[in-house]
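Take a look at this single chain, the form predicted alone, given in structure tokens.
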């Protein structure tokens, strides 16, 4: 997806910068990056510092930054949808109409990026961009600090104490799926997408997992 976008805009002053949020460390993310063979920078953020700075809560989310270094679109869902919530678990597949709608949403997002690069369309004026930036509350900042502390403890063999801090971080910042999934991946089972994940997704009810971008 991102390599196709980079290839399409090869003649434009544009580059994708991908950031993998991987609390288990660089070696966990490296095989995926090498398999994709991207022609754009891929960074590995083992402490989730990027999401903390920009207010990201899920993946994939994107921030559009122009040639001046100014954010013209704050973090938003980048081409993913909630159709996965209707997956057939026996086959791990989507109904044809859901699969088509998911692909259409991805294509629409990539078209919007191309339009921005070529014409400036979809870039938000300064006031609107600032208004859409996530507000980092004291609870979110504390959750981020506890999350990084938990990662440190987990890496140094103090799994039980780390688990307490992971849980408190999720309590303080329940909208951060990135924190929750990474904490689950660090459990002995390593099941970031296991029963606990689906219980939490199902508890959303009508609330979206992937909030659609307002393009």
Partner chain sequence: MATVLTDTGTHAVPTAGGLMLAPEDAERITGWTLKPEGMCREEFCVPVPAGMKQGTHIDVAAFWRHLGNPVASDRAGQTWVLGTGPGERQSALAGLQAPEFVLPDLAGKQHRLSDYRGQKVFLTTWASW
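Residue numbers count along the first chain shown, from 1. The structure displayed is predicted, hence computed values, not measured ones.
Same protein, other form: the form predicted together with its partner chain, not shown, and the subject of what follows.
For the three marked residues, 30, 133 and 186, a heavy atom of each sits within 4.5 Å of its partner chain in the predicted complex. In the predicted complex, residue 170 stays away from its partner chain, with no heavy atom inside 4.5 Å. At a distance threshold of 4.5 angstroms between non-hydrogen atoms, residue 37 is out of contact with its partner chain in the predicted complex. Residue 41 belongs to the set of residues with a heavy atom inside 4.5 Å of its partner chain in the predicted complex. Among heavy atoms of residue 60, some come within 4.5 Å of its partner chain in the predicted complex. Contact annotation for 1-33: residues with any non-hydrogen atom within 4.5 angstroms of its partner chain in the predicted complex are 2, 5, 13, 14, 15, 16, 17, 18, 19, 20, 21, 22, 26, 28, 29, 30, 32, 33, listed in sequence order.
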